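Single chain ahead, written as structure tokens, the form predicted alone.
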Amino acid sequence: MAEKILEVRDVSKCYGGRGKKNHEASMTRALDHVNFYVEQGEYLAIMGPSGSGKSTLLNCIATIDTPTSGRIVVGGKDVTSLRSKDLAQFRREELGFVFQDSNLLDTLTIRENIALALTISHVPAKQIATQVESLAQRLNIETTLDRYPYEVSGGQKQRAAAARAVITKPHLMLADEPTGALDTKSARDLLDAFAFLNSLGTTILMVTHDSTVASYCERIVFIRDGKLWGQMRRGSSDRRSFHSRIVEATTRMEEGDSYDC
């Protein structure tokens, strides 16, 4: 059995209520005792309707938010117990991020954006140059390296963001609706880049509402009303067949049916 890179253990997240006298019933429960894990090298999507809790779950895994109860373990480390001063270093060294907006720094070139985490960690300049150029070539963005983010396409920016996310070889790459602002071709190019990175051993956890995007993954975790509704593995299915199964499952979930897909 592969190593568990991520373990979400009985995680709940509640909002609202003031002070100890408030009853739990008066609070909004965004996550309700969620349990699942991700193995090393997996490519997994979290899907759910708007307001289902999927973004809250991602934020808790990313250490941007803190669960009300439960534990989240990344690479054997309980991130819910980390002190605030240790969180920034943990995010930088153990997690990679790709957002809907690439979040690249416009004052830095693509090369400098990709290299930033290595520069902060004082990796030798020659080693940084070699790693950045090698990864950029593999993701087909080598011609953009000396341009600024505002000088390249949205798809190229997202692939640069993916390169930045994995350049430090983190335990886990987190992607939040990464194709949301892209046209069809750029989205496909980004998903092909993700698949390539996954083939190199990168563990990817992606939140998406798009069944086509999710069909590139190997496993889907469905969230509804803050609870784990079901899971689906691609198995030996081709992507088109898997897509059909995902559409069927999301339709049943949104209609309030139980999981039996």
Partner chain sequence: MIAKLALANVRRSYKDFALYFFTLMAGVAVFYAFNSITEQQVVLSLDESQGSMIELLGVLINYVSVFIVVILGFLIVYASRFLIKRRNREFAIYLLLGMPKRTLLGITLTETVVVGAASLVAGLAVGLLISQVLLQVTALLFVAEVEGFAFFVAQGEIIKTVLVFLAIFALAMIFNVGHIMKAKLIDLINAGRKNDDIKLRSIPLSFVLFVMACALIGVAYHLLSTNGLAVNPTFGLSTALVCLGTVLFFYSLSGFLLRLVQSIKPLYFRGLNMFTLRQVASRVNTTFISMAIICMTLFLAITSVSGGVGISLAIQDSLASQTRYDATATSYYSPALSNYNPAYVTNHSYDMESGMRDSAKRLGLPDYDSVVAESAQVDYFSDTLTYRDFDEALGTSLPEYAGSLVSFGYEEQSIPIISVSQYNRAMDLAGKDTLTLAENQAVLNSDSDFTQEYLGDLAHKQPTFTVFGHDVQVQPALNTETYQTTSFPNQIGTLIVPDSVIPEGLAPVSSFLNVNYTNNPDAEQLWGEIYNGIAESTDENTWPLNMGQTREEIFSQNIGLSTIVAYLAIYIGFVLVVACAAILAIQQLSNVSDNQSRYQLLHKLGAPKRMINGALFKQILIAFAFPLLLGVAHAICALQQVTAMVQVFGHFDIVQTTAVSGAAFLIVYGLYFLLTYAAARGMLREA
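Computed from a predicted structure; not experimentally measured. Residue numbers count along the first chain shown, from 1.
One more form of this protein should be noted, the form predicted together with its partner chain, which is absent from this view; the next part is about it.
Peer 1: At 4.5 angstroms, heavy atoms only, are 38, 42 and 44 all close to its partner chain in the predicted bound form?
Peer 2: Checked in the predicted bound form: no contact with its partner chain for any of the three.
Peer 1: Can you check 106-114, 134-142, 73-81, 186-194 and let me know which stretch has heavy atoms within 4.5 Å of its partner chain in the predicted bound form?
Peer 2: Of the options, only 106-114 has residues within 4.5 Å of the partner.
Peer 1: Even though the partner isn't displayed, in the predicted bound form is residue 119 close enough to its partner chain, meaning a heavy atom within 4.5 Å?
Peer 2: Close contact exists here: in the predicted bound form, residue 119 approaches its partner chain to within 4.5 Å, heavy atoms only.
Peer 1: Can you tell me whether residue 171 touches its partner chain? I mean in the predicted bound form, with a 4.5 angstroms heavy atom cut-off.
Peer 2: Output for residue 171 is no: heavy atoms all beyond 4.5 Å of its partner chain.
Peer 1: Determine whether any heavy atom of residue 167 comes within 4.5 Å of a heavy atom of its partner chain in the predicted bound form, and answer yes or no.
Peer 2: Residue 167: no contact with its partner chain in the predicted bound form.
Peer 1: Is residue 181 near its partner chain? Define near as a heavy atom within 4.5 Å, in the predicted bound form.
Peer 2: No, residue 181 is distant from the partner.
Peer 1: Can you list, in sequence order, the residues from 189-228 that come within 4.5 Å of its partner chain in the predicted bound form, counting heavy atoms only?
Peer 2: Nothing in the stretch sits within 4.5 Å of the partner.
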